[in-house]
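Given next, in structure tokens, is a single chain: the form predicted alone.
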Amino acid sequence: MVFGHMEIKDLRVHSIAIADPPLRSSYGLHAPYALRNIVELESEDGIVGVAETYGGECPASALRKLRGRVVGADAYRLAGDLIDLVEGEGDGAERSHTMRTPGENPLDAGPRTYSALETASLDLIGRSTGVPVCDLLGGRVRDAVPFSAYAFYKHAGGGGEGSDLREDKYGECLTPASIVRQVRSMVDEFGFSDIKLKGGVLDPEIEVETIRRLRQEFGPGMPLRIDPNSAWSVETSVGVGESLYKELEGGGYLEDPVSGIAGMARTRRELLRRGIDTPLASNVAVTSFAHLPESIAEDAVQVVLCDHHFWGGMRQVQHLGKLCQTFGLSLSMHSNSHLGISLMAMAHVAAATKNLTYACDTHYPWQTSDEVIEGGRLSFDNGSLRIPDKGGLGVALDYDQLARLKQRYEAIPYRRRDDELEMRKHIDRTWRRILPRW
């Protein structure tokens, strides 16, 4: 290998399934398994870079279709060679996640495919040079990245099905008191110092009471957030914002209470008219650079929740961070059901992005018994993930566990995420997603 040049000799894509509890959101119900794809790029010298991305057949197929452009390419130039993919298709409402869960919008296929290959190539370069990915991105501004406790209303069950049922660590959580117990357990185990509640599931009055109980339990020093994924009308959103004004002070926010940039802007204006300056955050209405001009002009979103998976990679998140800083917006990071490769990739890009003003989201505590990296599950230190003193992402594949998770994927019928179908199968056979629901 010549320094500054490294030929990629193979691209491998592994479809896997990981146990997922029956978590609720306004999209519906999580299936017993979450699907992920693991990407390997192998160099001419046998060094392997890895990435983790959305699961199922469509994301895997999109990656495999690029084999002809990837194999034989220079790892140092791959991100530039594939830059035509990074913008995606369409703009405006059709690129939002209002009606489609992240990873299931075909207009996002280019950015999410690009992101996986960019991450794997950076990991490959980092492993070959001994340089951590965050330093390849221009240098870290922090050595540890804070994450938040991510609370969900959920039904009984720990994920998996049949002979593969998993322990239900938190039990059924469909009341304010049970959410408080859930979060107390997470905070005690992982040391999180921020809390986010996934709402849009129960009557807004119950969810307001849940936030109030969390404030009573953890005090005003623990920032609180609530995210109903667009389940509320503008009127309901304003009412909740007014009711929780004190509880969301001190580093909290109201996330995607209503659908669309226009709805977010109306909610913002009405809250300000009432003297309430609670920030509105979004990873539903604002999901691409094409959304920023309207959102900024309308003051619709004050906290952009990025995700390198669907924003088009790590470098795009850095660009987004600078734009947010320029226009006075805050930045945090969205999450999906994931394993340690994605968690570490999130940490590296967050470590290299200066304008990260809130603790990041993570679903990682919910995937309690599956992992695909050597050494098992990653550990949080006082709610933060430290960047390893290793080249690349700092994690490596456990091929025995990879084989086990691939076998499970082959054995189950799930090939894409469909929370609405799961609701009809297990909770209410007439259920469908309605916006606004309240």
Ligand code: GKR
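None of these values were measured; they are calculated from a predicted model. So that there is no doubt, residue numbering starts at 1 and follows the sequence shown.
In what follows, reference is made to the form predicted in complex with the named molecule, a form of this protein that is not presented.
Residues 150, 255 and 417 are all found to lie within 4.5 Å of the named molecule in the model of the complex, as judged by heavy atom distances. Remark: of stretches 257-265, 109-117, 170-178, 330-338, the one touching the named molecule in the model of the complex is 330-338 (heavy atom within 4.5 Å).
Mapping the unseen interface onto this chain, residue 36 falls outside it, with no heavy atom inside 4.5 Å of the named molecule in the model of the complex. In the model of the complex, the named molecule sits within 4.5 Å of a heavy atom belonging to residue 102. Using a 4.5 angstroms threshold between heavy atoms, residue 15 stays clear of the named molecule in the model of the complex.
Contact annotation for residue 229: at least one heavy atom lies within 4.5 Å of the named molecule in the model of the complex. Taking a 4.5 Å heavy atom cutoff to the named molecule in the model of the complex, the contact residue among 363, 127, 315, 291 is 363. For the candidate set 348, 196, 308, 154, a heavy atom within 4.5 Å of the named molecule in the model of the complex is found for exactly one residue, namely 196. Residues of 21-49 lying near the named molecule in the model of the complex, listed in sequence order, are 25, 27, 30, the criterion being any heavy atom within 4.5 Å.
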